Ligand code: GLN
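Shown below, as structure tokens, is a lone chain in the form predicted alone; questions about how it binds or moves come after it.
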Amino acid sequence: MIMTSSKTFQPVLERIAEEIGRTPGRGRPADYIPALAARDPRAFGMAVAEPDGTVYGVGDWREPFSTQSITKVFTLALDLAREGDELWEHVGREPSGNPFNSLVQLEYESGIPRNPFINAGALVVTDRLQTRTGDAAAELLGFLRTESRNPDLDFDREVAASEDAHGDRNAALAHFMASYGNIDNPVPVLLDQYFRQCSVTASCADLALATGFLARHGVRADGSRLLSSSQAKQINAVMMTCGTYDAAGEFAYRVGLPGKSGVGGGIIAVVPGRCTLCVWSPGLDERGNSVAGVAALDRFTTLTGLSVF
């Protein structure tokens, strides 16, 4: 089935949901954050947003969930819009090949993280946005509220507190990079900002809409430009190569779209010029990606013929 009109999005989503509903083995929710561990691994939602803001959805597509690392995409965009290529002097653009919270590469790469989507790289980006705005988390939340058209989006204090209680590895990453001069703000301030950022709760519909600027080549929902076309291309490229932790190659092979996952079970994906997607199902594989979410995106690109390849 090859898509010829956006009107076919809804039946495609319904077919995918029906297929996913018959699939056994959905993985396990993240267990180190109580609010995530309690989620039903068989929950499933999926939304597609067109560049004009039209949204299609199926299943639990309006159910809020913990965005976690998905927000790294938006923080990256907000900082890149402010400082441009100077950002890339402080964080790389290469896949790490290691788990998202690894410290291994930092020492022999002089405190420069491999990419902005592993935890070390996201901490650097948040730090730089904090320096430029004075409140990186609030800047992120304001952007998400505006682009999603949902003024009720907010942080989840319980999730942020859980992140803080289990945040020793992130603190170690931040202190290590600070020792190389790659962190500007006091580490406790940075960690508070980072944990708040990861605690944002949103639905598939919210995130599909909020990601729209990447399908519109850097243009926001109101028609103003956040990023140049080149910068939007850069973010999509880094999502393709680094957005799903150390499974980015497998994700590109199966799905064929730029994507970013979070351990809350969500994944966003971009079809430049055509649409943005968000899928959510809390059961994760061993690399921290939603089992049903990857399968659903795989089916979407197969059924519609929409991929970057």
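The numbering used is simple: start at 1 and walk along the sequence shown. Here the structure is a predicted model, which means the values were calculated and not measured.
Only in words, not in the display: the form predicted together with this ligand, which the text now covers.
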item	value
Position in contact with this ligand when the complex is considered in the predicted complex, options G262, G45, G259, P282, heavy atoms within 4.5 Å	G262
Contact assignment for this ligand in the predicted complex, among S96, N119, S203, Q231, heavy atom within 4.5 Å	N119
Complete contact of A17, F65 and I267 with this ligand in the predicted complex (any heavy atom, 4.5 Å)	no
This ligand contact in the predicted complex: Y253, any heavy atom under 4.5 Å	no
Non-hydrogen atom contact R128 with this ligand in the predicted complex at 4.5 angstroms	no
Heavy atom of F74 within 4.5 Å of this ligand in the predicted complex	no
This ligand contact in the predicted complex: I33, any heavy atom under 4.5 Å	yes
This ligand in the predicted complex: contacting segment from 192-200, 136-144, 108-116, 216-224, heavy atom within 4.5 Å	192-200
Residues from 226-251 in contact with this ligand (non-hydrogen atom within 4.5 Å) in the predicted complex	Y245
